[in-house]
Ligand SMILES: Cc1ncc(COP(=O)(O)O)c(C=O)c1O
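Heads up, the chain below is alone and in the form predicted on its own; it's given as C-alpha cells.
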Amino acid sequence: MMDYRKTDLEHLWHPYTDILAFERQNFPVIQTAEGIRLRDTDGKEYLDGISSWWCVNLGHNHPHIVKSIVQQTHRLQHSITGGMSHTGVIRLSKMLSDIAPAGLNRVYYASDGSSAVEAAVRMAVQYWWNLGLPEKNNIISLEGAYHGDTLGAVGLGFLPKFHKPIQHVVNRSVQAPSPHCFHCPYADNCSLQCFSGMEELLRENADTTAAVIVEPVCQGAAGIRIYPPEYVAKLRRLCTELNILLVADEIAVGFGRAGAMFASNLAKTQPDLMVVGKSLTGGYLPMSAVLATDEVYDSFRRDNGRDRTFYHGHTFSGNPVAAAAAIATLEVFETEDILEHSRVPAELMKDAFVEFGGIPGVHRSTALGCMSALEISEQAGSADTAAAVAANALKMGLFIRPLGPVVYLWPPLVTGKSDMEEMLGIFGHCLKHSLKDAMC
C-alpha cells in the first residue's frame, strides 16, 4: 500500500505553501468528500470551512453534478470552440447570459480565473484599438487586488508578499487606494470618502485608461476585505462618465457567495466585462469565462477588410465535460433554491462574527453573504496567532487557511444550521484559546 505522505513529499509541489514548514507537518491526505465534509486516508473528517479554495459552493459529491459529468464523458469529451461549436457550450452560454447582469450577452471561455482575467484585459485594450483609440491602453486596479498568478494578472494585483521575487518582470498597473474597511479612518461615519482616490486617478488618466478592474464588494486574497456595494455603483457611474470600461472580477464572489447570484447585483450595476470561475462548475472541474456586452463584442466584427480577430484562446475553452458540470450547477441553483438556502449559514455567521469582533485581540470583524473575516490585532500576535487559530481548528476537524493576520470562514452555500453551528463553535473556541495564549 502506498505511503501517501512520503510519496507526496518526494514528488508533489504544493501551491501557496511554505515547503519547509509543510514537510514538518502530519498533513491530511484527503481521499473522499461528501457535502461539506472532507475525509482523509486515516478516516478523519474535516468541515470544509473554505469551500476548498472558495469554489465548492454546492458541496462535494452533489449527485446531479456528478451524474451530468459522467453522462457527458460518454457523449463528447472534447471539441474546440475555435471555428466550430458544440451543443453543451451553446446551452451554457445562453444560461449564463440569462442570469448575468443585464446586457452581458457574449461569453468567452477559459480554463481558470487567471487566464480569464488575461482575456478580459486583452478584450478591453483591443476594444479601444478597434475603435481607433490605441492610446487607451492602461488598466487601473485597487491596492491589494488579486486577479491571478499569470504575469499579466500579477501586474493587476501585485501583492509584495506573493510576488516580490518576480517584480522585475511584471508590468504593474496603476492602483487606486483600497476601500479597506478594517483600517478606515471614517469607519464610524462612512460616506465612501475612500472613493476619492479612485476618482482622482480616473479623472487624471481618463484619456489613456482602457478599463478599471475590481473584485466587487470583496477583495479576497487581500484578506477578505469586504466593502460597500455603493463603492462599485459609484465606480460604474464614473466609468460611464469618463468613457472607461468596467471589468468586474467575480471569480470568487460570483454564484451566490455574496448573497446574490453575482456581487454586481448588490451594487445594481452592469459591468462591461465580467469574469467568473471557481464555482462556475460547482468547483468540480476547471472552467472560467468572460461575459461581455454586445458593444464590446461588436467592436471585434470585421469591417472594411480590417482584421479584428481576437487572437487569444485556450485548448480547453468551453470543454464539453466542464460545460456539462456548469449546466448542472446552474440547474441546482434553480431547483434547490440555493440563494434562499444560503441565508441560513449567512445569518449565523453574521451574528457570530459580531460576537467575535468583541473578543480582546480582535481588531475588527465583518460578514456579507457566506463570507466572513476578522483581523487579529498586532498586540495579539497578528499573523502568528491567525496561523495558530487555523492549526488548532484543523486538530478539531475544521479546515481553514489564514490570510496573514486575517482568519475567515467561507463555507459552502448548502451548509445546514447544525453544521454551521458546529463550524462556528470550533472556530470560536480556537480563536478564543489562541488569543488567550498570545496575550498571556
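If you're wondering where the values come from, they're calculated on a predicted model, not measured in any experiment. Residue indices: 1-based, along the sequence shown.
The form predicted in complex with the ligand exists for this protein as well; it is not shown, and the discussion that follows is about that form.
Residue 118 falls outside the set of residues with a heavy atom inside 4.5 Å of the ligand in the predicted complex.
Among heavy atoms of residue 108, none comes within 4.5 Å of the ligand in the predicted complex. Taking the partner from the other structure, the ligand in the predicted complex has a heavy atom within 4.5 Å of a heavy atom of residue 215. At least one heavy atom of residue 252 is located within 4.5 Å of the ligand in the predicted complex. The partner is absent here, but in the predicted complex a heavy atom of 146, alone among 284, 146, 262, 227, sits within 4.5 Å of the ligand. Checked against the ligand in the predicted complex, the residues 113, 179, 157, 345 give one hit for a heavy atom within 4.5 Å, which is 113. Remark: of stretches 146 to 154, 238 to 246, 74 to 82, 321 to 329, the one touching the ligand in the predicted complex is 146 to 154 (heavy atom within 4.5 Å). Residues of 170 to 197 are not found to place any heavy atom within 4.5 Å of the ligand in the predicted complex.
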